[in-house]
Ligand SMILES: Cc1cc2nc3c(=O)[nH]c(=O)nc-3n(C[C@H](O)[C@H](O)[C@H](O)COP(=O)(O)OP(=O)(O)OC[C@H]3O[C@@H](n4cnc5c(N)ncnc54)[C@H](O)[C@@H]3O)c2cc1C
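In the block that follows, a single chain appears as structure tokens, in the form predicted alone.
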Amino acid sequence: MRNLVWFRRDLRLHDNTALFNACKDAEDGVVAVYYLTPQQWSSHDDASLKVNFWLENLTLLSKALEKINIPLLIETCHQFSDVPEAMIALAKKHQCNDIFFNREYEFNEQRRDESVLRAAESPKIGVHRFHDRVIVPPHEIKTKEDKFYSVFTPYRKQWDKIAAECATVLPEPTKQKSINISPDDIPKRVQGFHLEGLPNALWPAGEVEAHRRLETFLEKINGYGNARDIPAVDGTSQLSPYLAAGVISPRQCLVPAIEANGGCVGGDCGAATWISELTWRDFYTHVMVGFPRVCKTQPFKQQTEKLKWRRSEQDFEAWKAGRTGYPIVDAGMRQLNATGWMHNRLRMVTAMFLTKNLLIDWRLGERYFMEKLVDGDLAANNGGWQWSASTGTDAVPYFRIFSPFSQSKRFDPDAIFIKNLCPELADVPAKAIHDLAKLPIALRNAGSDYPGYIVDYKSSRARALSAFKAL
């Protein structure tokens, strides 16, 4: 018996459920495969930076697998629809009786995996699927009416009861019988993606780096509750790219977090707050599975499809470039463009500015984030955007619109972060940066070429309220 393990967004050796089980059951060795699907990735708006991150992690994963006698093969199928036939042909070629993989929950990915199951029926190849990308599988938490939750708080109460039972990490996969199959080289280029000159130095690949970041973060986790909202300080784990690519598992994060929280899942300390962020990851996946329309560019609140969004290419381009005249918004967008990552507080601020103050369709912003983010994940990105746009599940009420000035005053009081990303504001006093009326005067006094407001804040806020009330 030889097994085939199919890697996707689970690019790690340790605590990998499919890999562990494939190794446990194999008698004649294990073969691993990863499919490049560039046309599908392009249609999903995957960022070049993210694809490059995947390739770098694949290189390290291949070396780690080789040490336990598992060759990693790299094949190209431009679309997901090409994968089932290629998968069965590969299994036959290498005499693999069973295929092992971890579940993915997006609509297209689920449809691809179901096609693999059907293709495996005739040749009688076994298919084994595992929940691995989430802590609590989506279907395990339901309302009393056996429906998926659409509000976070009652979902969290159920999640808390189950999560501790899931907080175990698998042993290392066993070393396999050596087989006469050589691993493939990891490509340096992927058609349709520009991988040269990307800022990947900010995101070193590999499990070792992921766990180094986790250990560093655990040393300061008690202060996470306050530090997580301050973009000028290193107060977050910055593990999101590693979780999105599966270089570290959510269980590997949860286990030490529970330990730091005194053995509990809930509470109000820093560790409990971070556990809550892990819960949000599961919740947005739960919503995506229960309400698949969110995978299809549709709002969760279907009545908001009638919103009269503005069409302004000029305003949208200014927002993307970080030249709106609103400092905290521009700083966030410039961080995204420069690093492929944005502080979570700023993701909310920039998203709400686009959807409320500019009244531009959230789907345009969601797509732009995916095109740039190294940690782009459909469930989390869509959930965050629909929360900010008041179109999603458990979203912010439409009349609660963040003021960019109160946000910057509260979370970047000395404008350290803003000035670092917007050097045109270096000579502008922080108090003026946080003041709607004083900023234009301070800009003139400083001789700054920072752009003026592209939209009047008060009238834009009233316009958004009117558009939502019209529903």
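Numbering starts at 1 and runs along the sequence shown. Given the structure is predicted, the values throughout are model-derived calculations rather than measurements.
The same protein also exists as the form predicted together with the ligand; that form is not shown, yet it is the one meant from here on.
Although the partner is absent here, Lys301 lies well away from the ligand in the predicted complex, with no heavy atom inside 4.5 Å. Contact annotation: Tyr284 falls within 4.5 Å of the ligand in the predicted complex, judged by heavy atom distances. None of the heavy atoms of Ile258 is located within 4.5 Å of the ligand in the predicted complex. Not displayed here, the ligand is approached by Ser388 to within 4.5 Å at the level of heavy atoms in the predicted complex.
Within 4.5 Å of the ligand in the predicted complex, a heavy atom is found for not a single one of Leu11, Thr17 and Phe20. Looking at 270-278, 76-84, 393-401, 325-333, the stretch with residues near the ligand in the predicted complex, meaning non-hydrogen atoms within 4.5 angstroms, turns out to be 270-278. This chain appears without its partner; in the predicted complex, the one residue of Ala91, Met288, Leu354, Met342 with a heavy atom within 4.5 Å of the ligand is Met342. Exactly one listed residue, out of Ile186, Met348, Leu218, Val116, brings a non-hydrogen atom to within 4.5 Å of the ligand in the predicted complex: Met348.
Using a 4.5 Å cut-off on any heavy atom, the residues of 364-389 that reach the ligand in the predicted complex are, in sequence order, Phe369, Leu373, Asp375, Gly376, Asp377, Ala380, Asn381, Gly384, Trp385, Ser388.
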